[in-house]
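Presented as structure tokens, the chain that follows is alone, the form predicted alone.
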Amino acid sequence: MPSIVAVAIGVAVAVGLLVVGSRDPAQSLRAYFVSPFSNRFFFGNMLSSSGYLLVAAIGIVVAFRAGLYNLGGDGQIYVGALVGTYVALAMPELPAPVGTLALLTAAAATGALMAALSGAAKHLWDAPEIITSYLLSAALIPVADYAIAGPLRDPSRSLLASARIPSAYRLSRLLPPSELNTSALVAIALAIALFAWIERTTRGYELRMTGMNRDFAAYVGISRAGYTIGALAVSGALHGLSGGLMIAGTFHAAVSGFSLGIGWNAIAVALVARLDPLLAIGSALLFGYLEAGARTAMLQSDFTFQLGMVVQAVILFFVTGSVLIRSRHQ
């Protein structure tokens, strides 16, 4: 089953749910499919969320192209964002570009470390990274929740959130009053650079070779450790960077549970794009559109958050099913 068919099924499910579950189907359909383009605010927010999703998705591409499975994306994004926020709050006097860079570097390094631990366990003890990456993420998310609700919480705010990062560390807006900022341009640049690296360099060829047959790659002298620990570290770094960009670009503080779910959506984006970083740009825009449609439909009609989650789950189910079927045939 082609990935686009899976997306079409998900959209059909969305239409069916809107028609059956809404008191005013016409209004709900219009809100879901048209409202994301109705003004600068909705349109810019759609592009903004697509950019964050794209960075995480190309992190999935790196891991999957190396024949590895990083299921800890949610935790890497969330914990990376928290550490980046802490660094920004701990060093408020840095010059603007340096402070922003410190925030993003800390977030990326945190994600890289979390994923690299799973890679090391895979390399040293053959522990399945599909399990260890998920378990490590699941173990650290409650720790991050505790830090946000306890030691790092800003008591002056009604939200469970940290203090706001210095205004000088925040990324520039591109389409006010929406949240769209320069992180969207960073995401596109990273996707193009990753495509060039994977498809046009020797290291990229070795990554692809390792993903196709790890034993043969090791036989011809390709470093097994480098494309196990290293590949997962890069994957985690991109996830952590996505969290850091969300802090610097949109939230400006670590808010409890603000990013959970993006790691799973990133897997669907990467699979729909057939693990191609360039195609992931369009795939992220598509998922950003579906998510924006669900949000606006919730604001403007009786469409519920749960229905939006069902649509995303259906797409993820059929996309992963099509990949498994294709892999079995190969």
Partner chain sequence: MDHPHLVLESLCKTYPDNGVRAVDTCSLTVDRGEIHAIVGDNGAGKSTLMHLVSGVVAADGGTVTLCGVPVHGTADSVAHGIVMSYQTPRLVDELTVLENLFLGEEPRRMHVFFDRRAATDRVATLAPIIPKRMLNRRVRTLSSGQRRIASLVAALLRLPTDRPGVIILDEPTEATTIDETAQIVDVIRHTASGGHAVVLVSHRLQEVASIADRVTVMRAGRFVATMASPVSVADMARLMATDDRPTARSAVLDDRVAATEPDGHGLKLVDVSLTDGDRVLLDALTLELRSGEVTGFVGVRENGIEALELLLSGTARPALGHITTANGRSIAPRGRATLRPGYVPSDRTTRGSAQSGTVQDNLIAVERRRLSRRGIIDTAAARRHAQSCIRALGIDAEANWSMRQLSGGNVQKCILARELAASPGVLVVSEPGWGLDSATRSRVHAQLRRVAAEGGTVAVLSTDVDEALEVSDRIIALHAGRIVADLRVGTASRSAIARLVAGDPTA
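Residue numbers count along the first chain shown, from 1. Quantities reported herein were computed from a predicted structural model and do not represent experimental measurements.
The protein also exists as the form predicted together with its partner chain; that form is not presented, and the subsequent description refers to it.
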Q) Does any heavy atom of Arg173 come within 4.5 Å of a heavy atom of its partner chain in the predicted complex? A) no
Q) Any of the heavy atoms of Thr105 lying within 4.5 Å of its partner chain in the predicted complex? A) no
Q) Heavy atoms within 4.5 Å of its partner chain in the predicted complex: does Gly221 have any? A) yes
(Q) So in the predicted complex, is its partner chain close enough to Leu260 to count as touching (4.5 Å, heavy atoms)? (A) no
Q) Of Leu94, Met209, Leu113, Leu185, which one comes within 4.5 Å of its partner chain in the predicted complex, counting heavy atoms only? A) Met209
Q) Of these, 94-102, 176-184, 238-246, 221-229, which stretch puts a heavy atom within 4.5 angstroms of its partner chain in the predicted complex? A) 221-229
